[in-house]
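What follows is a single chain, given as structure tokens, in the form predicted on its own.
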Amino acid sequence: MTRPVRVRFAPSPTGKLHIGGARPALFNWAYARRHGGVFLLRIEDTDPERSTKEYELAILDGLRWLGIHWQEGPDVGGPHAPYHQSQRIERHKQRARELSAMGRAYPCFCSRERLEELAQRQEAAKERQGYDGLCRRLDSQTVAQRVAAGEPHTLRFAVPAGATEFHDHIRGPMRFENHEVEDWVMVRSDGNPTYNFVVVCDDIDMQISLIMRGEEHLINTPKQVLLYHAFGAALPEFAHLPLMLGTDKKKLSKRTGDTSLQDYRDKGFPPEAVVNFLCLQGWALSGSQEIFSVEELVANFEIKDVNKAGAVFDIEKFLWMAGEYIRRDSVERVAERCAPHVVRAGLMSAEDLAGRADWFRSVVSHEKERIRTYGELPARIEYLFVADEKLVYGEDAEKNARRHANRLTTLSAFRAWLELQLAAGGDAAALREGAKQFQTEQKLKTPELLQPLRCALSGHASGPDTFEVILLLGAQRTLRRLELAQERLA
């Protein structure tokens, strides 16, 4: 690319940012950083009925959460402001007038009823559906008279004869026959320009050199290329990213992962894992390395390496990757990121967490290897907060405990032994070693002791080391739960 690198992400604030919508933002940002270019953010808010400030702020917040920042945009300004499309309408209307003056656009007076009837006739005749160019054949005097009379009309782009060609960095040479492209509406009858028109106007004004976006926009590209030619503007480069597919190889749906970026944030996915996983949706660092940093992405990202085939969004792999990032992270940061989820679950308040920070970090350290998202922690540690009398025994945990006929005498004897040990103090390692001796004296196999004990203390069939759980619960609660278990497991 000989032009200065200038790329953009232009979301519409008509809903939450979709997880797949964040991918082109990430790739554009990485490309700009790789080549020392500019990444700008433009808000396409020309749908006043659906666009909201709340959605816009959520989009900006979500991108920042991923670590994506922009040099130009609605909140930071820049040399090509404004960066809200709705604030550029007068500029769009001016550009529409320029095309009309050049004879590259014309008024269309066809009513909605006529257009619907035309579509029905074409469908019945199995013809290609599209505008038939009726108003394009009107003489200039007739057009001027009808416009002067205030007759409602749209403004259509006059598609020339021939073919439209451009190069796509992912799909290679592209060619579209112009007769397959109808004279499309540039400006509606209410005076508001349409998407395909305004996006080109803004990209020209903002000197965008590369347009990297989803494959679903490929159908719009011939119309947009024709506009660049009509304006005599330099054509940007194009790259259309493959669709994100569910594990069933069909277009991503809610059943297979079609949720917003905010949903994954709320579930507690590490943002680094989200970035990493999104990168793998059509691109890879190498044939085998699946876990890599943002710095490695920026240093290695090239558009030519993006696959043409659809990328499979595998939620199980996503969860695995999230867990890998948690396991590799420090206990301190995992605890910090888990904290909001624990507060939201009502287990602890922010004040409680601040006052018991060391204890909470200890809790996290024992679960860090087992959770895949920060949001999974509350369910795993709820047993530490529930009243002793209301502890729920999991089906597997209780089944494991009840298979031992000597469970009640074992719990009773261990409780008496443990009470003395806890009174004397000591850490989990000392308790563990002492329990081995107790087990030998009582002639118990390990499951005969640990399975009833684990059920009594946490209600879980698996989890952190049992003797760590004893210290997390404290002496009073541990002894009380062992006492209750002798009744409940009778």
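It should be emphasised that the depicted structure is a prediction, and the values quoted were computed from it without experimental measurement. In case it trips you up, residue 1 is the first one in the sequence shown, and so on.
Omitted from view is the form predicted in complex with the RNA, to which the following refers.
Using a 4.5 Å heavy atom cutoff, Asp314, Glu369 and Leu450 all lie near the RNA in the predicted complex. The listed set Asp61, Asp47, Glu441, Asp427 contains one residue whose heavy atoms approach the RNA in the predicted complex to within 4.5 Å, identified as Asp47. For the options Ala101, Ala149, Ala387, Ala309, the one in contact with the RNA in the predicted complex, meaning a heavy atom within 4.5 Å, is Ala309. Although the partner is absent here, Ile219 is a contact residue: one of its heavy atoms lies within 4.5 angstroms of the RNA in the predicted complex.
With a 4.5 Å cutoff on heavy atoms, Thr409 does not count as touching the RNA in the predicted complex; it lies far away. When the RNA is considered in the predicted complex, Gly37 lies well away from it, no heavy atom lying within 4.5 Å. Using a 4.5 angstroms threshold between heavy atoms, Asp465 counts as touching the RNA in the predicted complex.
Of the stretches 301-309, 204-212, 135-143, 69-77, only 301-309 has residues with a heavy atom within 4.5 Å of the RNA in the predicted complex. The single residue of 85-100 lying near the RNA in the predicted complex is Gln85, the criterion being any heavy atom within 4.5 Å.
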